[in-house]
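What follows is a single chain, given as C-alpha cells, in the form predicted on its own.
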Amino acid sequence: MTAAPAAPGRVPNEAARLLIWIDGRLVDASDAGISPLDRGFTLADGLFETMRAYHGTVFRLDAHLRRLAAGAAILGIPVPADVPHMVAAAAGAVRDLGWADAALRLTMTRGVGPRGLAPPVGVDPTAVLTASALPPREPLPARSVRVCTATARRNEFAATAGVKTLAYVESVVALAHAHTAGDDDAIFLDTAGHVCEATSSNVFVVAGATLRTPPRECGVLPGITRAVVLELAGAMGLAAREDVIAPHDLAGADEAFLTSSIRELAPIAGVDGAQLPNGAPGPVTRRIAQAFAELVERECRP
C-alpha cells in the first residue's frame, strides 16, 4: 500500500489518517487483526511506546527505543529486530503524506501462547505500529488543564513500576472520574502519599526559579519529554531536580505543568479546585515551552 503525497501539513483524506503495520507488514485498517489468543489481548502481557513525529522525524527516537528495550528486558520479551525498520517505514510514510505532526504508537506483546499465566517458550512477540495524523499544535495557554487527586495510588514497589506496560485500566478509570468531576486529568500519589504522575503524563512543579519533578523511586514512568525538560532547564540556568513532592507542594506551587510526548507541555491551571497563583502558563513554563519548541525545530527540521 503506497500513500499518495499531499501538501505539507494537510491530511489527504479520512482513510489515510491511520496507517497500521503488524509484524513489519503495512496492512489496511479494515484487514488489521491479531490472534484472540495473543497475550497482549488476554493478559495485557506487553508494553508500548507513544512517539511524536514532526515533519516525518520522530523526536528522540533513540530514547524511545532504549526505554522500550529496558522495559522488554524487565518483562523478558525479546524486541524483534525489525522494530527500528518498522518505525523508519512509518516515519517515511508520514513524511510522504505531508503530515506536519503525527503520533506513532508501537505496541509489543509476548505473542500468542496457550492458556495460563506462565510465559510460553519459543513464541514470537507481536509488534503493531500505528501512525495517525495530529492536528496543529495549540498555543500553550490553550493546552492548560485542571487536575484532581486520584483516589487510587501508584504502587512504587510493583515489579512493573515505571514500565510502560499495556495495563493502563487504572489510568482509564482515574481519567474517567476526573472528567466526571469536571477536571481534565488526575494526579496519582504513591503508597507513601507523595505526588507520582498523571494518568499518562509526568508532573513538574515550579517554586520561584526551582523546578522539581518526582523521582523514579516514587514509581514514575521515566518520560522522554520529562528527561528533555530536565536537560533544557539545566542549560537555561534553572535549578532543576528530581525530588519527592508532597500534595501540598503541588497545590501551593507557583506554577506546574504536565509533560508527555503527545502533549509536550501542558500548564496546570488548578489543582483540586484551587487555582495556581502564576496562571497557566506561568513565566517559567513559558520559557521552558519555548526552549522545547526550538529544540524540536533544530532536531526535526524538514
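Throughout, we count residues from 1 along the sequence that is shown. Remember, predicted model here, so these are calculated numbers, not experimental data.
Omitted from view is the form predicted in complex with another copy of the chain, to which the following refers.
Not one of Cys196, Thr210 and Gly252 places a heavy atom within 4.5 Å of another copy of the chain in the predicted bound form.
At least one heavy atom of His179 is located within 4.5 Å of another copy of the chain in the predicted bound form. Within 4.5 Å of any heavy atom of another copy of the chain in the predicted bound form lies no heavy atom of Thr57.
In the predicted bound form, another copy of the chain lies farther than 4.5 Å from every heavy atom of Thr225. Interface residue remark: Thr149 is not counted as part of the site for another copy of the chain in the predicted bound form, having no heavy atom within 4.5 Å. Out of the listed residues Ala44, Leu26, Leu238, Leu65, Ala44 is the one that sits within 4.5 Å of another copy of the chain in the predicted bound form by at least one heavy atom. Between another copy of the chain and the residues Ala81, Ala159, Ala142, Ala88, the one pair within 4.5 Å by heavy atoms in the predicted bound form involves Ala159. Considering another copy of the chain in the predicted bound form, the lone stretch of 227-235, 90-98, 213-221, 168-176 in range is 168-176 [heavy atom distance within 4.5 Å]. In the predicted bound form, another copy of the chain lies within 4.5 angstroms of a heavy atom of only one residue of 254-270, namely Ile262.
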